[in-house]
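Next up: a single chain in structure tokens, the form predicted on its own.
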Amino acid sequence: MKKNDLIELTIEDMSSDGAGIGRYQGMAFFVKDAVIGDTVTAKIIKLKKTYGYARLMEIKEASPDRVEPRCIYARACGGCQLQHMSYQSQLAFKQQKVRENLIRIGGFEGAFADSIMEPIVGMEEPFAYRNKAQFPIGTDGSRTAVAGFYAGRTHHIIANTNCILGVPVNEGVLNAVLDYMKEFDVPAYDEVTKTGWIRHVLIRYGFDSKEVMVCVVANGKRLPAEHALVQKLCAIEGMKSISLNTNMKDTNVVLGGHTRVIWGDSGITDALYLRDTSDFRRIGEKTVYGISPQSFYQVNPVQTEKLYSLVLEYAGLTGKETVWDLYCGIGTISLFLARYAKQVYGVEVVPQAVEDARQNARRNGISNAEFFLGRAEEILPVFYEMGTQEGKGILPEKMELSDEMHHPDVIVVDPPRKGCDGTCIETMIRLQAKRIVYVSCDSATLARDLKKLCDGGYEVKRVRAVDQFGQTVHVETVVLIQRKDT
């Protein structure tokens, strides 16, 4: 075998990133866009010692799980990896992905994993669910400004102003920006020459409030004819906030360090409702959140309500508990729980997010939620030490530490994709909370952390995947971990 050879494969498995896996002459080949059950012709593009990668060339016999993608750019774009699979097969793939990581990385027995895993929570409509989108701006072959998404593993922009995972208002916003650029000869940013103005357009939409926020990311502190851009964007129904973010660095990070409001408010609001976890009907009052361009806020509000309702169920709150919410962001989970807990303490590293969390508490009339600025892996050990006899001497002046703060009943942790820091895990174990509810966007790092917690005297009681990201390989997971002596 050599590169560019054509081979025939029957797809028997899928990798965690959604590639089909078939075998040829005893070697496993990974084929993007192939589905279990497909028989395909593929071209070898890379060979390793025991496996290889191949490009799908022809589907000789389609899997019963294969469907026609709704988006004509689905295969080229890097955003959707599973749009060619039926939605039910996507859910099965994600459920299996979580299970395999629990077994392979977490070291749990298969029978035990099956006993603790509950059915994945799917979406009623797995399209048009995203309340946030970041569109890169570039130029096509004729040097005309375009907006869209990067092709997989490249910085080549596929022009598309109407992504089917996003909300309809996105198209109007992008067309307004592109019209402004054409009318006033405002060039797109060029990554090679580092010249030009507009780099990205960030759009947020409130599913409950119907409010729209636009943040234009620019290679400068001001734009030519800013008033004209504002005028075009203000014509869009629901427009609430228009801002300009300055990013003049040679970086792949979208947002720069400075954001200036050029029209309207500094952000928008949206709301989440409690749901009954037996059928996921809305049953509770709403919690309202203020959202700025930099805020972390789950991109799928319908599924987020289901996810947070599961968090509340797993936390088992009766109104008497003290809860620590680590990596709390703008207080989305903290305030969701505060209505049912005695006291909630949130920890977040982003200063603006902490201020947003405090404002959100005031907005909802919640007085039993307090927020601390800092890294969870640094803040939590300090509070643990303060709670010991030796540590009482390190209390800042005029600060009183209640016994509840260093003896929480429940810890909720919702870390970034890399999972929890080792120090944070160690401190959670030392705090000996009765229950830990772990929310994860990466089941591989989740499984790694669960193994550490179980080695520290905890046991996993319940696991449930929630499909926050239909048509993609990503899946959210919520886990109930309980101290063994409770």
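This one's a predicted model, so the numbers in the text were calculated from it and none came from an experiment. In case it trips you up, residue 1 is the first one in the sequence shown, and so on.
There is another form of this protein, the form predicted in complex with a small molecule, and it is not shown here; the text below is about that form.
The small molecule is not shown here, but in the model of the complex it comes within 4.5 Å of a heavy atom of residue 298. In the model of the complex, the small molecule sits beyond 4.5 Å of every heavy atom of residue 314. Mapping the unseen interface onto this chain, residue 350 counts among the residues with a heavy atom inside 4.5 Å of the small molecule in the model of the complex. The small molecule in the model of the complex is not approached by residue 91, whose heavy atoms all lie more than 4.5 angstroms from it.
The candidate site formed by 332, 374 and 377 is fully in contact with the small molecule in the model of the complex, as each residue has a non-hydrogen atom within 4.5 angstroms of it. Heavy atoms within 4.5 Å of the small molecule in the model of the complex belong, among the stretches 154-162, 203-211, 275-283, 322-330, to residues of 322-330.
Between the small molecule and the residues 416, 238, 257, 78, the one pair within 4.5 Å by heavy atoms in the model of the complex involves 416. Interface residue among 129, 108, 308, 180 relative to the small molecule in the model of the complex, by the heavy atom within 4.5 Å criterion: 308.
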